[in-house]
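Here are two versions of the same chain, shown separately as structure tokens and labelled structure 1 and structure 2.
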Structure 1
């Protein structure tokens, strides 16, 4: 990890905290994530293959003696105050909700909580599909667990952070983002079974290859409502299959034959959505074997296939994401590429030969900017550890 970037952030965080609040804070870092393959599979009890990255949210936090909560979002240049007795989602500001939502989970668990002062700083780009919100939720959960000495294990904290997103941000997300942020391991991807929550670290050191993220800089306001709609569409498909006497609880157990029989005749759109998920769960399992056998070209092909499915079947891509994937499809230095995360904007993830990155970005940037009238930002990311205390 580029120590200097992280170190600068932490130094800055300390300064901002001392300018706003008394005392010495606890500092916790929690990273953003990438996902190699397995998209929109987590809430369908399938598998995902994410990893924590070298971009993270950092929270500096100290308990107070009263029940007030004072927050500073350094990057947004914003402040927010409330109290435990007035705890509820803020409708004007979205950023405090990632913190307040976590506080609500501690309260729900019966923890005697106190007010606190906190400063947030992050280099996870917002709205880029890198889970900037999960990073904040996990950092906050971990920090409060430490300060309040509640002793929750990481799995409990992951679920609390996920619930914070459901209840305070209104996105019925799966467990992937919070899991990856909390459980990341340097140079490994996590093969996570989202049904049993069993997981395995798979080494991800790719000789001569790097992970290049290309940020469309698009964030459609549709993203969270469409996300929840997709989730419902998948649940509807499961219901229809169940109505016909098949004892399945999620698309994890569905087969394409079941879809042919019970879903396609009723609604071709729901069929397309759920068929993507059934195919994607399978694609991840074989893609994971490709990775373990070092067959990276085969894995890359599957990433392109995932993009195709997300775009044409699941309907969560956009013209900017499609354009970026299309432009690298026949580039021999790009092993695989696809849109990543919830969709409707954000980044594409590309596995690219190291020496080809600069020339590729140099070519793409002006073309993209001309075509889309938007800047193209890029990040070369490394895989790092999950949530950790930086300073007690």
Structure 2
């Protein structure tokens, strides 16, 4: 991690806290995440391959002797106050809900909770698909668990943070974002089974390579409605396979032979959607073997294949994402690239030779801005540990 960047954030956080509140706070860091491969597999009970990154949310927090909650969002230059007796989602501001939703989870578990003062600061870009909200939820959960001495394990805290997002932010997210933020391990990706929640760390040594995220700066309104449609299409494919005596409960256990037999003849579009998922689960499993053998080029090829599938088969890409992947496809300094996240905007994730990053961005930036009439922003990230207390 770039200690200077992280240290500057923490120093700033301490200053802002002391300007607003008395006492010495506990400081917790919780990172954003990337997902190397395995997209739209989570709700199909497949696997994902996320990693925590060196951009994170930091919370400075100290308990009070009353039931008041006072929050400062430093990056937004905003403040918010409420009390435990009036705990409910804020309709005026969305940002406090990621913290208040966590408080509600402690209350639901019967924890005797006290009011607190907190300052939030983050360098996880908002709206770039790096799970800035999960970072805030996990930081808050971890900090309150420590201060209240509740002794919850990380898996319990992951589920609490996920529920906070469901119930207070109103987003029915899967568990990957909170899991990666809480459980990240430096220089490793997490092979997470979305059905059993079993996981293993897979070494991800990027010698001479860096992860470059290129942000399209676009979010098409299709995202949420199409997400629900894709879930339904996958469920329909499973129903058709089950009707023919195959005891499967998700696309996790479907094969392409089953799709050939029971889905393709009925509906070529649903076949295309479900076939992408079956192929993507296989790509992830073989991609983990590539990593274990140190074959990053083979993993990179699978990333390109994933993008092709997300664009042509699953139909969740957009012209801006496709443009960015097409422009690096034949660049020998780019090992792999694909769109990342739900789709219709956000970032592409690229594995790029370190020395080639600046020249690549210098070429792409003016071309993209001219072609798309949008700014192109970029972030270079490395793989870091998950949620942790910042010692002095």
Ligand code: GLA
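Given the structure is predicted, the values throughout are model-derived calculations rather than measurements. Superpose the two forms; the largest set of C-alphas matching within 1.5 Å is the rigid core. Numbering follows the first chain given and starts at 1.
Here the chain taken from the form predicted together with the named molecule appears as structure 1, while structure 2 comes from elsewhere. Once the cores line up, the CA of residue 109 ends up less than 2 angstroms apart between structure 1 and structure 2.
After superposition on the rigid core, the Cα of residue 174 moves by less than 2 Å between structure 1 and structure 2.
Once both forms are fitted on their rigid core, the CA atom of residue 50 lies less than 2 Å apart between structure 1 and structure 2. Its Cα shifted by 6.5 Å, residue 268 is compared between structure 1 and structure 2 on a rigid core fit. For residue 278, the CA shift between structure 1 and structure 2 after superposing the rigid core equals 3.4 Å.
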